[in-house]
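What follows is one chain in structure tokens, specifically the form predicted on its own.
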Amino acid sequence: MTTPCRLPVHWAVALAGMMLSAMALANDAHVLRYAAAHEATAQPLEIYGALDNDLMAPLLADFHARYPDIELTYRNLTTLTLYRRFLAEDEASADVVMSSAMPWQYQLANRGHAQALTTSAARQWPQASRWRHELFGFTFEPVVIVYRRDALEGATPPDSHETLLRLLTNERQRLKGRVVTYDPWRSGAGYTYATEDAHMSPRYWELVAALGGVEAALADTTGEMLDGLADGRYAVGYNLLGSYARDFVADHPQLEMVIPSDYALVTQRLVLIPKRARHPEAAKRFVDYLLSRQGQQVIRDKTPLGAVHTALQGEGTARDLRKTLGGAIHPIAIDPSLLATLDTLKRHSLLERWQREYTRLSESGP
């Protein structure tokens, strides 16, 4: 496990002070603000992000410590709200846009809403984690299975999609109502994972039927699933976001997190600089920081988001996961295939099949 970096005392004090300042100046719980050290030379920077404040704060604080004359505002929005707000504001409000909704971010870049970043860090960024030099994946977050040890006593725990299918089939009565996964109808993440699973596994539709057979609960967020697992309502959670699950599981010893050994989907948060950003220089400085070794070290040491930088190793990094899982790692590609998930007819077709398979066993009886 990687030892967290230790900041000099004066840095630690400065960071703590800026965190208090950020909270005090926020208009609501979804906004963080960091005032510039010198008002006369302040450079505004407006960031729209779909990432919880507690996960984003270490990055913002470290960046602001390095660039204290930047007056920083971070707005935490849901993925679809962020997308719609960005377009509704004629692209002229946000200087940086970051989101885990990979198809929607790709669509924005593909339609010409992003400008290029050509710094040294951007040019050296791994090809698999960027599109051109306009869209960058700066995290590496596996999609995981979480289960309760006590609830599966005597059964083989699920360490892959194949063993999960067997568990749901063999323990159907025992697990009825005690499994949870994303609702692909309501959740963008759930729909994206369903699309990728269908491509990866010839037995995926059997797994969906088995989920329906145990009357799996359908949730909108990983947080909902983790809460249900912690309080004992659920025994198994499927397709949770590992970056949220990792620390939660560490605090709940009755839970176990598993990265599937047969194939592991990996999602990345994508960041872009709008073509019409009002403060492009500050925006470029921030995105360059996210891609820098220093920014990526903060991601590795202070968050569970998973660093992408090829020079970094340790728990949760892309390098560590590739070394551990090898060919089983399957990052969701940042390419035109993402646009297919937004096609209305294809989306409707996949969701209709998902519903048919999910209800198949319940309609046919035990």
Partner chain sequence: MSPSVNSPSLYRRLLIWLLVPMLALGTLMLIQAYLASRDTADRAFDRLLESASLSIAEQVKRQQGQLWMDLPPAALKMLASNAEERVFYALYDAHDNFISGNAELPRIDDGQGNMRFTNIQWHDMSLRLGVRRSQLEGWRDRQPFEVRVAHTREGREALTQTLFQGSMLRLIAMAILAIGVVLLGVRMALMPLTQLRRAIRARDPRTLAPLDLTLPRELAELRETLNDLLARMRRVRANQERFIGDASHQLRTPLAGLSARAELALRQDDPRAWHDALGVMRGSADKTARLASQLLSLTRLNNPESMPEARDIDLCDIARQAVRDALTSCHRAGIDLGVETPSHAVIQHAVQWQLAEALANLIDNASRYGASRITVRVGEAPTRLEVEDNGPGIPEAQRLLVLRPFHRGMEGGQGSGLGLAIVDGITRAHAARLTLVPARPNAEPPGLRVRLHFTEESTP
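Worth saying up front: this structure is predicted, and the values here are computed from it rather than measured. Numbering follows the first chain given and starts at 1.
Form predicted together with its partner chain: not shown, discussed below.
Between the options 154, 112, 253, 202, the residue in contact with its partner chain in the model of the complex by a heavy atom within 4.5 angstroms is 112. 134 is the sole member of 288, 159, 183, 134 with a non-hydrogen atom within 4.5 Å of its partner chain in the model of the complex. Heavy atoms of every residue among 127, 335 and 346 are located within 4.5 Å of its partner chain in the model of the complex. Per the 4.5 Å heavy atom criterion, its partner chain in the model of the complex is contacted by stretch 102 to 110, the sole one of 278 to 286, 240 to 248, 102 to 110, 221 to 229. Interface membership of residue 340, defined by any non-hydrogen atom within 4.5 Å of its partner chain in the model of the complex, is confirmed.
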